[in-house]
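Okay, so here's just one chain, in structure tokens, the form predicted alone.
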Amino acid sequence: MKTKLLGRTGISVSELCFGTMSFGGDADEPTSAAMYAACRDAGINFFDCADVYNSGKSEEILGRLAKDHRDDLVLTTKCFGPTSGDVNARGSSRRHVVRAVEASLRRLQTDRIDVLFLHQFDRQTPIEESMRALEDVVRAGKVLYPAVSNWSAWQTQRALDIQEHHAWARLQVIQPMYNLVKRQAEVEILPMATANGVGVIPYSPAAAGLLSGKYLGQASGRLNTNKMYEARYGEAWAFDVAEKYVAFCRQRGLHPVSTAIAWVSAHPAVTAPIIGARNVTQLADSLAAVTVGMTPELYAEITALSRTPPPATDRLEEQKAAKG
């Protein structure tokens, strides 16, 4: 397992990050422990979590697994989603961010969070207020590096500009959705990250399993029973891309999940894709992504299987001219 520098932090993280959303949910504690051990054996030192994953159980399990070697790890978590019935126990206000961080520290059994993501953009709270909240927890020593997830490029750039103006700790990492089906991040988010030296750890590199091929031709499955995933990947064109991609992998003798993750990892803006699993057997295919020989030629062939998103200006003629 290779390592990469995370943004401008100066710290090195494994080229894959393990997402613990299944801990305490699809994976019970023994299964979670087995997956954690497999990740550590593979060389992963980078683990992603969130306070809302399985109502805090994911953080609790990760905290128990990591406590004996905490200093060897880079741990992330997130806040934004509702954590109780209290109307203020949500969002990115200073009040909620401070309280959420304190609760996450208890569940993770640690004295600091390496990377704290604001999980979504809070349309009710000014960006200045949210960035001051991050500055507060950084100054308190409870968070080392501020970050955002699911923010647009303009929102992230605005936040960076505010932080620079006030000489506050800057955003060091972003976490967008990115895979062969969902390529919108290529238009502005990834270029923005590169221009600012911000680390990128994309989630859903296998498109919630769509790119594995297991949902093709099925009338049921997670994509049909989970409204969130159905909204993301339920359109016919997404299944068409997945079908072409899986067929391509079979012709080349490539595993579709391993290759999908390797494709995401090959983008120059990406630091480490976030992989996830429900059991050790499923995890093995994701870990094998580091063994895929992703040459520029293979990368280009895979990229051509999906839609290239239009440029931010929507001037398609310029995009076509640039390709020659």
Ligand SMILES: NC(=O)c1ccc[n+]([C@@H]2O[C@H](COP(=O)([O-])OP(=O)(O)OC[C@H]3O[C@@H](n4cnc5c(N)ncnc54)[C@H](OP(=O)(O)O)[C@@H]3O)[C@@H](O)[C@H]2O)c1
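Quick note: we count residues from 1 along the sequence shown, nothing fancier. Being a predicted model, the structure only gives us computed values, none of them experimental.
The form predicted in complex with the ligand exists for this protein as well; it is not shown, and the discussion that follows is about that form.
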Check your understanding: So in the model of the complex, are Ile11, Asp72 and Gly199 all sitting within 4.5 Å of the ligand, heavy atoms only?
Key -> no
Practice item. Classify Phe121 as contacting or not contacting the ligand in the model of the complex by the rule of any non-hydrogen atom within 4.5 angstroms, answering yes or no. Key: no
Exercise for review: Answer with yes or no whether Tyr229 is in contact with the ligand in the model of the complex, where contact means some heavy atom within 4.5 Å.
Suggested key: yes
Review point. Is Tyr53 close enough to the ligand in the model of the complex to count, meaning some heavy atom within 4.5 Å?
Key: yes
Practice item. Although the ligand is absent from this view, report whether Arg107 comes within 4.5 Å of it in the model of the complex, heavy atoms only. Key: no
Study note, to complete from the structure: Picking from Ala133, Val246, Ala208, Val143, the single residue whose non-hydrogen atoms come within 4.5 angstroms of the ligand in the model of the complex is Ala208
Study note, to complete from the structure: As a check of understanding, the residue in Val270, Ile44, Val257, Leu65 with any heavy atom within 4.5 Å of the ligand in the model of the complex should be identified as Val257
Check your understanding: With the partner removed from view, which of 249-257, 95-103, 236-244, 183-191 is the stretch that lies within 4.5 Å of the ligand in the model of the complex, judged by heavy atom distances?
Key -> 249-257
Point to revise | Contacts with the ligand in the model of the complex - residues in 19-35 whose heavy atoms fall within 4.5 Å | key: Gly19, Thr20, Met21, Asp26
